[in-house]
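Single chain ahead, by itself, as structure tokens, in the form predicted on its own.
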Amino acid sequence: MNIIEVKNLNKSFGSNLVLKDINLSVEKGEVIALIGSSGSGKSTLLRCLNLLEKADHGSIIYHKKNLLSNKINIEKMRQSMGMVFQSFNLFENLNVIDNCTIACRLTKNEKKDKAEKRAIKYLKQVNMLDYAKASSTTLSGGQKQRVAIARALCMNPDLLLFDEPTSALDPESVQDVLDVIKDLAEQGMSMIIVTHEILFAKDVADRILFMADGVIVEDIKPENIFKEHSDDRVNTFLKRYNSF
């Protein structure tokens, strides 16, 4: 069963066509990795799925509704489609547990104790429970990203979007964040992950989609990622990471 289906999606910024007739479906429990060079349209695609950017044409079917319909309640939709940004986007004036509970309390009118109980569960899952009362400004980049993941999980999402979750981290923090995402994959969380961590994508993803020039060029099985591909753009990109 598809949890989300994208049909003929196009997005332009002025005269620059960034997404060109994107077609994509994700089954429930499936992990999709989006790879490709910077500027290929990966992050724009994620932002269109979450309606942070409005696509110009096409459809995004989620929970049997077209998200590009004017009748969509964007706030309600985002309660079930979480997004984790490369820049964390934590509220610096709030401590860790308040960062995790504020969305539930404001958008779902949950009582503080109920929201905090769930936050404790997910902070423990990402190994950040000891920092529950810490100011978000005192955390390292890797710690902030793990809190951001816990915050997204607190909304009980059906689908999680990750926009290069390790790109702003120091090498020592990268593995901690990747381990958390791998754990979510093993638990059956549906995810779309924009990443440059090719070996991680090979290990965790069910499918790896290569994007170039606003197009999904190739849908690759993880075990075939380092084999020769029919499109030279894929081969050139992957040779940066491994020799065929």
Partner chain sequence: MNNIVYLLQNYYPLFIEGLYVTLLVAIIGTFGGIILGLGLYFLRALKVHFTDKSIKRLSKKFFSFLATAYIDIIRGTPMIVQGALFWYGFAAHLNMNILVAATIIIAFNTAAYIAEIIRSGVIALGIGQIEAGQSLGMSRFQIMLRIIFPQAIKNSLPSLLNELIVNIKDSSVLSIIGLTDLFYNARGAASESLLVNQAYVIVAVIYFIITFSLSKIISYVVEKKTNNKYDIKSTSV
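Every value quoted in this text rests on a predicted model; they were computed, and no experiment measured them. Positions refer to the first chain, counted from 1.
Same protein, other form: the form predicted in complex with the partner chain, not shown, and the subject of what follows.
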Okay, which stretch from 139-147, 76-84, 166-174, 112-120 lines the partner chain in the model of the complex, with non-hydrogen atoms inside 4.5 Å? 76-84
Are all three residues Asn50, Leu67 and Asn70 in contact with the partner chain in the model of the complex, where contact means a non-hydrogen atom within 4.5 Å? yes
Wondering, does Ala134 line up within 4.5 Å of the partner chain in the model of the complex on heavy atoms? no
With the partner left out here, check for me: in the model of the complex, does some heavy atom of Ala152 sit within 4.5 Å of the partner chain? yes
Taking 4.5 angstroms as the cut-off for heavy atoms, does Leu90 touch the partner chain in the model of the complex? yes
Within 4.5 Å, heavy atoms only: does Lys28 come near the partner chain in the model of the complex? no
Who in 193-213 is close to the partner chain in the model of the complex, meaning a heavy atom within 4.5 Å? none
